[in-house]
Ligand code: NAP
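Next up: a single chain in C-alpha coordinates, the form predicted on its own.
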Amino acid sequence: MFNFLMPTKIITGEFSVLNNSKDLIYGTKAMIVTGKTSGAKSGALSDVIKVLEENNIPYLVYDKIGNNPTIEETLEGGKQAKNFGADFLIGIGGGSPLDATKAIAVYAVNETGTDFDMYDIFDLKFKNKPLPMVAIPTTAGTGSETTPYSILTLHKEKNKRSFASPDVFYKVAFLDGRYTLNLPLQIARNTAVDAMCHLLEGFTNKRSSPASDYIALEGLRIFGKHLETIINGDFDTEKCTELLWAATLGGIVISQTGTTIVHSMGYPLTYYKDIPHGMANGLLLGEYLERTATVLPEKVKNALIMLGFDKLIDFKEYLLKILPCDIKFTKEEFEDWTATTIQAKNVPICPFEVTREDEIEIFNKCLI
(Lines give C-alpha, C1' and ligand atoms only; values in the text may rest on other atoms or scores of the structure.)
Protein backbone atom coordinates (compact mmCIF):
# COMPACT_ATOMS: atom_id res chain seq x y z
CA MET A 1 0.00 0.00 0.00
CA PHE A 2 1.16 3.53 -0.70
CA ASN A 3 -0.08 7.11 -0.95
CA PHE A 4 0.52 9.50 -3.82
CA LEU A 5 -0.06 13.27 -3.85
CA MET A 6 0.86 15.65 -6.67
CA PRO A 7 -1.40 18.71 -6.68
CA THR A 8 0.78 20.86 -8.97
CA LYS A 9 -0.50 21.58 -12.47
CA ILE A 10 2.35 21.25 -14.98
CA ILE A 11 2.39 23.17 -18.26
CA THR A 12 5.21 22.43 -20.71
CA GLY A 13 6.48 23.85 -23.97
CA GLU A 14 7.87 26.97 -25.61
CA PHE A 15 6.18 30.23 -24.61
CA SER A 16 4.03 28.34 -22.11
CA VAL A 17 3.86 31.40 -19.81
CA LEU A 18 2.75 33.74 -22.59
CA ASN A 19 0.31 31.22 -24.04
CA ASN A 20 -1.31 30.28 -20.72
CA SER A 21 -1.46 33.64 -18.98
CA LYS A 22 -4.59 32.81 -16.96
CA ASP A 23 -2.71 30.01 -15.20
CA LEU A 24 -0.05 32.49 -14.04
CA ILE A 25 -2.45 34.73 -12.12
CA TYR A 26 -3.66 33.64 -8.68
CA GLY A 27 -4.68 36.95 -7.18
CA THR A 28 -4.72 40.72 -7.58
CA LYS A 29 -1.14 41.61 -6.51
CA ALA A 30 1.98 39.57 -7.24
CA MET A 31 5.44 39.40 -5.74
CA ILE A 32 8.04 37.86 -8.04
CA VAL A 33 10.81 36.03 -6.18
CA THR A 34 14.02 35.41 -8.08
CA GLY A 35 17.80 35.48 -7.88
CA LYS A 36 20.00 38.43 -8.65
CA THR A 37 20.44 37.33 -12.28
CA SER A 38 18.52 34.09 -12.93
CA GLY A 39 15.16 35.65 -13.74
CA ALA A 40 16.45 38.39 -16.03
CA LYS A 41 19.11 36.39 -17.91
CA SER A 42 16.79 33.46 -18.64
CA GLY A 43 14.09 35.63 -20.19
CA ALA A 44 11.48 34.30 -17.77
CA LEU A 45 11.18 37.55 -15.82
CA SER A 46 10.34 39.61 -18.89
CA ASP A 47 7.70 37.09 -19.96
CA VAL A 48 6.09 37.16 -16.51
CA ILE A 49 6.11 40.96 -16.34
CA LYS A 50 4.53 41.13 -19.78
CA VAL A 51 1.64 38.91 -18.69
CA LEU A 52 1.12 40.79 -15.42
CA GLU A 53 1.12 44.18 -17.11
CA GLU A 54 -1.25 43.03 -19.85
CA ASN A 55 -3.65 41.91 -17.12
CA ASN A 56 -3.17 45.04 -14.96
CA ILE A 57 -1.70 43.09 -12.05
CA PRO A 58 0.58 45.22 -9.83
CA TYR A 59 3.83 43.44 -8.98
CA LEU A 60 6.97 43.73 -6.87
CA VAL A 61 10.26 42.03 -7.80
CA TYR A 62 12.23 40.60 -4.87
CA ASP A 63 15.59 39.56 -6.35
CA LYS A 64 17.69 39.16 -3.20
CA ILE A 65 17.88 35.35 -3.21
CA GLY A 66 21.42 33.96 -3.20
CA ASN A 67 22.68 30.56 -4.33
CA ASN A 68 21.91 29.01 -0.95
CA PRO A 69 19.01 31.02 0.46
CA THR A 70 19.20 31.88 4.12
CA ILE A 71 16.31 31.98 6.49
CA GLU A 72 16.95 35.71 6.92
CA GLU A 73 16.53 36.33 3.17
CA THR A 74 13.17 34.58 3.18
CA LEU A 75 11.97 36.35 6.32
CA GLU A 76 12.78 39.69 4.70
CA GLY A 77 10.98 38.56 1.55
CA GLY A 78 7.93 37.71 3.63
CA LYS A 79 7.93 41.17 5.20
CA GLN A 80 8.17 42.83 1.79
CA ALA A 81 5.35 40.69 0.39
CA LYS A 82 3.14 41.65 3.34
CA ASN A 83 3.99 45.34 3.12
CA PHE A 84 3.26 45.33 -0.61
CA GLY A 85 -0.03 43.50 -0.08
CA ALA A 86 0.86 40.58 -2.37
CA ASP A 87 -1.73 37.84 -2.42
CA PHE A 88 0.23 35.42 -4.61
CA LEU A 89 3.87 34.72 -5.42
CA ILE A 90 5.72 33.79 -8.60
CA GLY A 91 9.04 31.99 -8.10
CA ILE A 92 11.54 32.23 -10.97
CA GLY A 93 14.92 30.52 -10.97
CA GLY A 94 16.72 27.39 -9.90
CA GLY A 95 16.17 25.54 -6.68
CA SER A 96 17.28 28.43 -4.49
CA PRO A 97 14.60 30.95 -5.52
CA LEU A 98 11.94 28.23 -5.81
CA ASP A 99 12.69 26.90 -2.32
CA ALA A 100 12.89 30.44 -0.93
CA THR A 101 9.51 31.34 -2.40
CA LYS A 102 7.88 28.65 -0.28
CA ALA A 103 9.29 30.07 2.93
CA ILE A 104 8.41 33.61 1.87
CA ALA A 105 4.84 32.45 1.24
CA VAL A 106 4.70 31.32 4.89
CA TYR A 107 6.30 34.42 6.39
CA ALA A 108 4.13 36.77 4.33
CA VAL A 109 1.03 35.70 6.27
CA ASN A 110 2.57 34.60 9.59
CA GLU A 111 4.23 37.52 11.35
CA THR A 112 7.09 36.59 13.63
CA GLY A 113 6.61 37.56 17.24
CA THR A 114 5.57 36.00 20.52
CA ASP A 115 3.48 33.22 18.92
CA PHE A 116 5.69 32.51 15.92
CA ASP A 117 9.48 32.60 15.79
CA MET A 118 11.20 32.46 12.41
CA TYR A 119 12.67 29.04 13.26
CA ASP A 120 9.20 27.67 14.04
CA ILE A 121 8.75 27.25 10.30
CA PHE A 122 10.72 24.00 10.52
CA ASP A 123 8.16 22.58 12.97
CA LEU A 124 5.24 23.82 10.83
CA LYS A 125 3.96 26.00 13.67
CA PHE A 126 2.43 28.60 11.39
CA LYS A 127 -1.32 29.21 11.79
CA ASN A 128 -2.13 30.82 8.45
CA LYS A 129 -1.81 28.93 5.19
CA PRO A 130 0.95 30.17 2.86
CA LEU A 131 0.15 32.37 -0.13
CA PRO A 132 -0.52 30.53 -3.40
CA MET A 133 2.55 30.22 -5.64
CA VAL A 134 3.46 29.68 -9.28
CA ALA A 135 6.84 28.21 -10.29
CA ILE A 136 8.99 28.89 -13.33
CA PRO A 137 12.21 26.84 -13.12
CA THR A 138 15.27 28.14 -14.97
CA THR A 139 17.45 25.09 -14.27
CA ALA A 140 16.75 21.40 -14.89
CA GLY A 141 17.78 20.28 -11.45
CA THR A 142 16.06 20.50 -8.09
CA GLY A 143 12.49 19.75 -9.15
CA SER A 144 11.40 22.18 -6.42
CA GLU A 145 8.45 23.12 -8.61
CA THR A 146 6.84 19.77 -7.70
CA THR A 147 8.01 19.21 -4.12
CA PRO A 148 6.63 20.23 -0.71
CA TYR A 149 10.17 20.95 0.52
CA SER A 150 12.03 24.18 1.22
CA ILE A 151 15.74 23.95 2.05
CA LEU A 152 17.27 26.94 3.80
CA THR A 153 20.76 27.81 5.05
CA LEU A 154 21.09 28.38 8.80
CA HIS A 155 24.33 30.08 9.71
CA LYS A 156 23.74 29.51 13.42
CA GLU A 157 23.82 25.74 12.77
CA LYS A 158 26.40 26.00 9.96
CA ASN A 159 24.22 23.72 7.87
CA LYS A 160 21.10 23.51 5.77
CA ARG A 161 17.71 22.57 7.12
CA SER A 162 14.39 21.90 5.44
CA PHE A 163 10.70 22.01 6.16
CA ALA A 164 8.01 20.11 4.31
CA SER A 165 4.30 20.82 4.04
CA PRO A 166 1.65 19.99 1.45
CA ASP A 167 0.63 23.65 1.77
CA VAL A 168 3.76 24.77 -0.10
CA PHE A 169 3.21 22.76 -3.26
CA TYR A 170 3.14 25.16 -6.18
CA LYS A 171 -0.24 25.64 -7.84
CA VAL A 172 1.27 25.62 -11.33
CA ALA A 173 4.71 24.96 -12.82
CA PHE A 174 5.70 26.23 -16.26
CA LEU A 175 8.41 24.24 -18.05
CA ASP A 176 9.93 26.13 -20.98
CA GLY A 177 13.34 24.99 -22.23
CA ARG A 178 14.10 28.49 -23.52
CA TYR A 179 14.73 29.54 -19.92
CA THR A 180 17.55 27.00 -19.44
CA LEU A 181 19.07 27.23 -22.90
CA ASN A 182 21.88 29.65 -22.07
CA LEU A 183 23.00 28.28 -18.72
CA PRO A 184 26.78 28.00 -18.25
CA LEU A 185 27.71 24.42 -19.09
CA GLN A 186 28.98 23.49 -15.63
CA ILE A 187 25.81 24.78 -13.99
CA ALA A 188 23.76 22.73 -16.44
CA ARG A 189 25.82 19.67 -15.53
CA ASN A 190 25.56 20.24 -11.78
CA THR A 191 21.81 20.68 -11.90
CA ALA A 192 21.36 17.64 -14.15
CA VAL A 193 23.25 15.52 -11.63
CA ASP A 194 21.05 16.84 -8.83
CA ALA A 195 17.99 15.67 -10.77
CA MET A 196 19.60 12.28 -11.40
CA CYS A 197 20.24 12.01 -7.66
CA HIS A 198 16.57 12.66 -6.93
CA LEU A 199 15.52 9.94 -9.35
CA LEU A 200 18.08 7.42 -8.10
CA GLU A 201 17.65 8.15 -4.40
CA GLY A 202 13.87 8.05 -4.67
CA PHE A 203 14.01 4.84 -6.70
CA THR A 204 16.18 3.05 -4.13
CA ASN A 205 15.07 4.27 -0.72
CA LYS A 206 12.68 2.48 1.62
CA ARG A 207 9.73 4.75 0.84
CA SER A 208 9.68 3.96 -2.86
CA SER A 209 6.47 2.60 -4.35
CA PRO A 210 5.38 1.14 -7.70
CA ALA A 211 4.12 4.60 -8.71
CA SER A 212 7.29 6.48 -7.75
CA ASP A 213 9.46 3.76 -9.31
CA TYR A 214 7.63 4.05 -12.62
CA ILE A 215 8.17 7.80 -12.68
CA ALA A 216 11.81 7.51 -11.61
CA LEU A 217 12.64 5.10 -14.42
CA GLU A 218 11.04 7.41 -16.97
CA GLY A 219 13.11 10.33 -15.70
CA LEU A 220 16.28 8.25 -15.89
CA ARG A 221 15.40 7.17 -19.43
CA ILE A 222 15.18 10.81 -20.51
CA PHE A 223 18.54 11.62 -18.96
CA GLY A 224 19.97 8.56 -20.70
CA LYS A 225 18.98 10.13 -24.03
CA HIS A 226 20.98 13.26 -23.30
CA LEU A 227 24.20 12.06 -21.67
CA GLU A 228 26.36 13.32 -24.51
CA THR A 229 24.56 16.66 -24.58
CA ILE A 230 25.36 17.13 -20.88
CA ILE A 231 29.02 16.53 -21.70
CA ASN A 232 29.37 18.66 -24.81
CA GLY A 233 26.76 21.34 -24.14
CA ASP A 234 24.93 20.85 -27.43
CA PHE A 235 21.61 22.07 -26.05
CA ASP A 236 18.56 23.25 -27.96
CA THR A 237 15.11 24.24 -26.75
CA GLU A 238 13.61 20.79 -27.29
CA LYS A 239 16.38 19.03 -25.38
CA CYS A 240 16.21 21.60 -22.59
CA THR A 241 12.45 21.13 -22.23
CA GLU A 242 12.90 17.35 -22.04
CA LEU A 243 15.56 17.74 -19.37
CA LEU A 244 13.31 20.12 -17.45
CA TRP A 245 10.58 17.48 -17.59
CA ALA A 246 13.00 14.83 -16.30
CA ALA A 247 14.02 17.10 -13.42
CA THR A 248 10.37 17.76 -12.62
CA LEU A 249 9.80 14.01 -12.55
CA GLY A 250 12.63 13.83 -10.02
CA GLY A 251 10.76 16.36 -7.90
CA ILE A 252 7.60 14.28 -8.14
CA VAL A 253 9.53 11.19 -7.05
CA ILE A 254 11.13 12.70 -3.94
CA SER A 255 7.81 14.31 -3.02
CA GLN A 256 6.64 10.75 -2.39
CA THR A 257 9.87 9.22 -1.06
CA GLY A 258 12.24 11.86 0.24
CA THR A 259 15.96 11.71 -0.41
CA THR A 260 18.80 9.71 1.19
CA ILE A 261 22.18 10.36 2.80
CA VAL A 262 23.50 11.59 -0.54
CA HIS A 263 21.67 14.85 0.14
CA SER A 264 22.29 15.21 3.86
CA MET A 265 26.00 14.40 3.43
CA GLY A 266 26.18 16.84 0.54
CA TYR A 267 25.00 19.80 2.64
CA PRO A 268 28.30 20.38 4.51
CA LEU A 269 30.19 20.25 1.20
CA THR A 270 28.08 23.17 0.07
CA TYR A 271 28.15 25.07 3.35
CA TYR A 272 31.84 24.71 4.22
CA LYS A 273 33.43 24.25 0.78
CA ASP A 274 31.04 26.25 -1.40
CA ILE A 275 30.58 23.28 -3.73
CA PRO A 276 27.35 23.64 -5.75
CA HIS A 277 24.54 21.45 -4.43
CA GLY A 278 24.26 19.17 -7.46
CA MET A 279 28.01 18.65 -7.67
CA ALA A 280 28.19 17.91 -3.94
CA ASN A 281 25.56 15.21 -4.31
CA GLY A 282 27.18 13.80 -7.44
CA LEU A 283 30.54 13.38 -5.71
CA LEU A 284 28.85 10.99 -3.25
CA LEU A 285 26.42 9.27 -5.59
CA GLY A 286 28.71 6.54 -6.95
CA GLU A 287 29.61 5.13 -3.54
CA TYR A 288 25.96 5.33 -2.47
CA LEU A 289 25.00 3.18 -5.47
CA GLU A 290 27.85 0.74 -4.75
CA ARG A 291 26.41 0.12 -1.30
CA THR A 292 22.85 0.06 -2.58
CA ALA A 293 23.79 -2.61 -5.12
CA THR A 294 24.66 -4.99 -2.27
CA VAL A 295 21.03 -4.96 -1.07
CA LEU A 296 19.08 -3.97 -4.20
CA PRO A 297 21.10 -5.34 -7.11
CA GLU A 298 18.18 -5.52 -9.55
CA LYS A 299 17.09 -1.97 -8.87
CA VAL A 300 20.56 -0.58 -9.44
CA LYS A 301 20.88 -2.69 -12.60
CA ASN A 302 17.55 -1.41 -13.95
CA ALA A 303 18.44 2.19 -13.17
CA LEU A 304 21.76 1.85 -15.01
CA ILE A 305 20.02 0.29 -18.01
CA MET A 306 17.68 3.27 -18.23
CA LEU A 307 20.62 5.64 -18.07
CA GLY A 308 22.41 3.65 -20.78
CA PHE A 309 25.24 2.13 -18.74
CA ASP A 310 26.23 -1.53 -18.58
CA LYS A 311 28.21 -1.28 -15.37
CA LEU A 312 28.22 0.99 -12.35
CA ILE A 313 31.90 1.78 -12.87
CA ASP A 314 31.00 3.33 -16.23
CA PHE A 315 28.45 5.64 -14.59
CA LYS A 316 30.96 6.59 -11.90
CA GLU A 317 33.50 7.50 -14.58
CA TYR A 318 30.86 9.59 -16.34
CA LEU A 319 30.20 11.51 -13.12
CA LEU A 320 33.92 12.17 -12.69
CA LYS A 321 34.05 13.52 -16.23
CA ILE A 322 31.26 16.07 -15.76
CA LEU A 323 32.00 17.02 -12.13
CA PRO A 324 35.59 18.27 -11.97
CA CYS A 325 36.54 19.05 -8.38
CA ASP A 326 40.03 19.77 -7.06
CA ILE A 327 39.05 20.89 -3.57
CA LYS A 328 41.05 19.37 -0.72
CA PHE A 329 39.41 17.69 2.26
CA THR A 330 40.64 16.34 5.59
CA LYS A 331 39.53 13.40 7.69
CA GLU A 332 39.06 15.81 10.60
CA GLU A 333 36.41 17.63 8.57
CA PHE A 334 34.56 14.37 8.00
CA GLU A 335 34.58 13.68 11.73
CA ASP A 336 33.02 17.07 12.38
CA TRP A 337 30.45 16.88 9.60
CA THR A 338 29.16 13.41 10.41
CA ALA A 339 28.27 14.42 13.95
CA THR A 340 25.41 16.31 12.29
CA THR A 341 24.75 14.37 9.09
CA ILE A 342 24.16 11.07 10.87
CA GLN A 343 21.19 12.70 12.61
CA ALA A 344 19.42 13.52 9.34
CA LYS A 345 15.87 12.29 8.86
CA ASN A 346 16.78 10.49 5.65
CA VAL A 347 19.32 8.16 7.30
CA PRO A 348 16.70 5.57 8.39
CA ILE A 349 15.15 5.34 4.91
CA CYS A 350 18.40 4.43 3.18
CA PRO A 351 18.28 0.96 1.59
CA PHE A 352 21.32 -0.10 3.66
CA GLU A 353 22.22 0.43 7.29
CA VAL A 354 24.16 3.62 7.97
CA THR A 355 26.32 4.44 10.97
CA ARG A 356 28.49 7.47 11.58
CA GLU A 357 31.53 5.33 10.75
CA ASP A 358 29.89 4.39 7.44
CA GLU A 359 29.44 8.04 6.55
CA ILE A 360 33.06 8.81 7.41
CA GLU A 361 34.14 5.93 5.17
CA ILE A 362 31.92 7.19 2.31
CA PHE A 363 33.42 10.66 2.59
CA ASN A 364 36.92 9.16 2.58
CA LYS A 365 36.31 6.99 -0.46
CA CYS A 366 34.66 9.73 -2.48
CA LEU A 367 36.70 12.79 -1.55
CA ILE A 368 40.24 11.72 -0.60
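Start at 1 and count along the sequence shown; that's the residue number. Values in this document were obtained by computation on a predicted structure and should not be read as measured data.
One more form of this protein should be noted, the form predicted together with the ligand, which is absent from this view; the next part is about it.
Novice: Report yes if any heavy atom of residue 343 sits within 4.5 Å of a heavy atom of the ligand in the predicted complex; otherwise report no.
Specialist: Result no; residue 343 lies far from the ligand in the predicted complex.
Novice: May I ask you to state whether residue 176 is within 4.5 Å of the ligand in the predicted complex, using heavy atom distances?
Specialist: Residue 176 lies outside the contact set for the ligand.
Novice: Even though the partner isn't displayed, in the predicted complex is residue 149 close enough to the ligand, meaning a heavy atom within 4.5 Å?
Specialist: Answer yes; at least one heavy atom of residue 149 falls within 4.5 Å of the ligand in the predicted complex.
Novice: With the cut-off set at 4.5 Å between non-hydrogen atoms, does residue 138 touch the ligand in the predicted complex?
Specialist: Residue 138: contacts the ligand in the predicted complex.
Novice: The chain here is shown without the ligand. Which stretch in 241 to 249, 290 to 298, 117 to 125, 189 to 197 comes within 4.5 angstroms of it in the predicted complex, by heavy atom distance?
Specialist: Partner-contacting stretch among the options: 189 to 197.
Novice: Is every one of 210, 256 and 351 in contact with the ligand in the predicted complex, taking contact as a heavy atom within 4.5 Å?
Specialist: No, the candidate spot makes no contact with the ligand.
Novice: Scan 275, 183, 261, 230 and let me know which has any heavy atom within 4.5 Å of the ligand in the predicted complex.
Specialist: Checking each option against the ligand in the predicted complex, the one that comes within 4.5 Å is 183.
Novice: Pull the contact list for 95 to 132: residues with a heavy atom within 4.5 Å of the ligand in the predicted complex, in sequence order.
Specialist: Going through 95 to 132 in order - heavy atoms within 4.5 Å of the ligand in the predicted complex - the hits are 95, 96, 97, 99, 102.
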